[in-house]
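The chain below stands alone and is given as structure tokens, in the form predicted alone.
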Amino acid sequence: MKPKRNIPIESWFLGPKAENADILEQLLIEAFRDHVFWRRNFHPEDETVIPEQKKREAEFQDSISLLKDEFYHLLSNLKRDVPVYSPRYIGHMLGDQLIPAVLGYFATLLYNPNNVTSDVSPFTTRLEVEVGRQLSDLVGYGNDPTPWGHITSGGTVANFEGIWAARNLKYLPLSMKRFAFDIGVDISVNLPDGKRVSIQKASKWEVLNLRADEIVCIKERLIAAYTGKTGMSADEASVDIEGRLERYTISTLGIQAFFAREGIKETGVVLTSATAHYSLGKIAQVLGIGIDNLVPIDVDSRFRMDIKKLEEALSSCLNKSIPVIAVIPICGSSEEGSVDPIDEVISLRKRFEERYGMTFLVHIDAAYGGYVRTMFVDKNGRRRSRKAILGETGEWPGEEVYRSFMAFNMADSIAMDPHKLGYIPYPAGAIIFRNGKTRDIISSKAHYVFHEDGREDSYIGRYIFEGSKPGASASACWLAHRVVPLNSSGYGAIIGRSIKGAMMLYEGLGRISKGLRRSGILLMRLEGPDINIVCFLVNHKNNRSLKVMNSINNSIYNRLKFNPRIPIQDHNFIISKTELTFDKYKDVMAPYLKKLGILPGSFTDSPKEEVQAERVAILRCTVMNPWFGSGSSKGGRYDDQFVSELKMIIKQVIRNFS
């Protein structure tokens, strides 16, 4: 039964001081006792295999003593871990876990279901598919076509599946065209510019530029045509075509043999923001796309994909007849938290389709920012106005960010991580496909695992990259989503507070920068934040060396980073840092560096290879804790305490460089 009134977010977390320890402890014990009851009542007539007499033997007691010693040693060392639950932690993309997520994970790990197939996870496999549906609803996917999603180990695998599907979709029509010719049938296809042509008469470029929804329907047309020609039933034709068509695909032949057979000279490319996560490079390698064909698009001063640069890249591909496999905008970049103009990417695709008959898949990497979408949905599932959100956060979101989140439902696939702003235990990423038929493009068979039983949620392992996977993650996500709604009254309330805290931090940095300037110290904030990541740099007004400025910022970071070798209580606040490389960010960083006194000539006159190797050390604060801006301690609000301590540390560090 869902609550009728808004529930305070304080009831959803253990709390920085374990304020809800009694609640969590009671329910964890309940989960354990319930599991014990389950074991004892499965065939109660069976005898015990560990009798009490065995437990009293010396060897048994020695083993238990060893277990206790090593367990207590583990508990002791775990206390050296990073205190991500505290409002004082504003480092990496790590936050506390929701009570329902912890309970769901703990209760299920006792059963240890493997979500590769319902044969060994009849309940949690269904939960995983349901979580996929919950996330599909969150991003705005409707029922036509029917979407599909599932849980992955993280954003890397989620992005892998999205790009894997995009690559296979891009080249599948060529396989179908050749296969149709070989079996003596012809079918028509709809081109993105609205024309309808015979697949046999369509050019290679036209076949390589079909919309995703069109591609997944071609096989059905092949079956219909083959049925009419052979007199087979639809089921017989489907089985026959399924087995034979597979031998024509890039997945079976491999890239080299497939390209040679089709006479393809230009390798398809994936275009993505320069802020893209490094894992996309790994994915390009594994899928045979190649890092050189993962093309970074320059970003603007807010670290968002420059849509004009994207248009130039697409035009270049069009002129050279280079297929574009996918365009990947980022929603919540790992380093800056920036949100690319997703709505403009969608509009640009439509323009290229209508004018040039060229298309591509849009896959959003929203591993970090995906759950922020909850702020844009009210408790009745309706879209919220920007004005309504501004009433809660003050100045967020900007018009561009608002439009980007509103365009989620137009993407072909979206990767998002429940274990980031979903506050779920690791591992828990997710991939959602707008058209659920896309999963068939990357499906595999293992006859010892997958058995047809008519249920779409019975054997998800055939459609995904991973094999064995914990059902505990599905339970954690499912229970968290049931208790904390995926809308503005649930997750949106938590994330809204974190964003407001980030805005307060951003303003606080602006305040202390004025006082520091009078002391000859420059503090420069990067523009933003688009979500809840705040980045800044520090320099002495008389310093002109990038190397020295990096040393200054590294010294500040060393004072504020987590150090496991010192007592945890000696960490007042914990931040992170990143390094922006010149090969990706030279143009966008130049104005910032100029304002900090680092003149462009100090690096642009260097040889190209030296410039590309240059890095700018950036101090980075990720505000995931909802109490950073609103919580307080004896010293006042956490955000005020942090900027005061930061100001003191900056002055101390600068003295060593003066």
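Predicted model only: the values in this text are computed from it and were never measured. Position 1 is the first residue in the sequence shown; the rest follow in order.
Absent from the display: the form predicted together with a further copy of the same chain. The rest refers to it.
Check your understanding: Are all three of Y141, K195 and D235 close to a further copy of the same chain in the predicted bound form, meaning a heavy atom of each within 4.5 Å?
Key -> So, no: the whole triplet misses a further copy of the same chain.
Review point. So in the predicted bound form, does any heavy atom of F123 sit within 4.5 Å of a further copy of the same chain?
Key: Within the cut-off, so yes.
Point to revise | Contact flag, F160 vs a further copy of the same chain in the predicted bound form, heavy atom cut 4.5 Å | key: Yes - in the predicted bound form, heavy atoms of F160 and a further copy of the same chain come within 4.5 Å of each other.
Review point. Contact between E466 and a further copy of the same chain in the predicted bound form at 4.5 Å, heavy atoms?
Key: Yes, E466 sits close enough to a further copy of the same chain in the predicted bound form that at least one of its heavy atoms falls within 4.5 Å.
**Study point:** Contact test in the predicted bound form: Q256 vs a further copy of the same chain, heavy atoms, 4.5 Å
**Key:** Result yes; Q256 sits at the interface with a further copy of the same chain in the predicted bound form.
Review point. When a further copy of the same chain is placed as it is in the predicted bound form, which of 466-474, 303-311, 184-192, 504-512 ends up with heavy atoms within 4.5 Å of it?
Key: Stretch with heavy atoms near the partner: 466-474.
Practice item. Identify which of V82, I346, A202, C217 has a heavy atom within 4.5 Å of a further copy of the same chain in the predicted bound form; exactly one of them does. Key: Looking at V82, I346, A202, C217 one by one, just V82 meets the 4.5 Å heavy-atom criterion.
Check your understanding: Just one of P145, G290, G357, G398 has a heavy atom within 4.5 Å of a further copy of the same chain in the predicted bound form. Which one?
Key -> That would be G290.
**Study point:** Heavy atom within 4.5 Å of a further copy of the same chain in the predicted bound form - qualifying residues of 58-81
**Key:** Going through 58-81 in order - heavy atoms within 4.5 Å of a further copy of the same chain in the predicted bound form - the hits are E59, F60, D62, S63, I64, L66, L67, K68, E70, F71, Y72, H73, L74, L75, N77, L78, K79, R80, D81.
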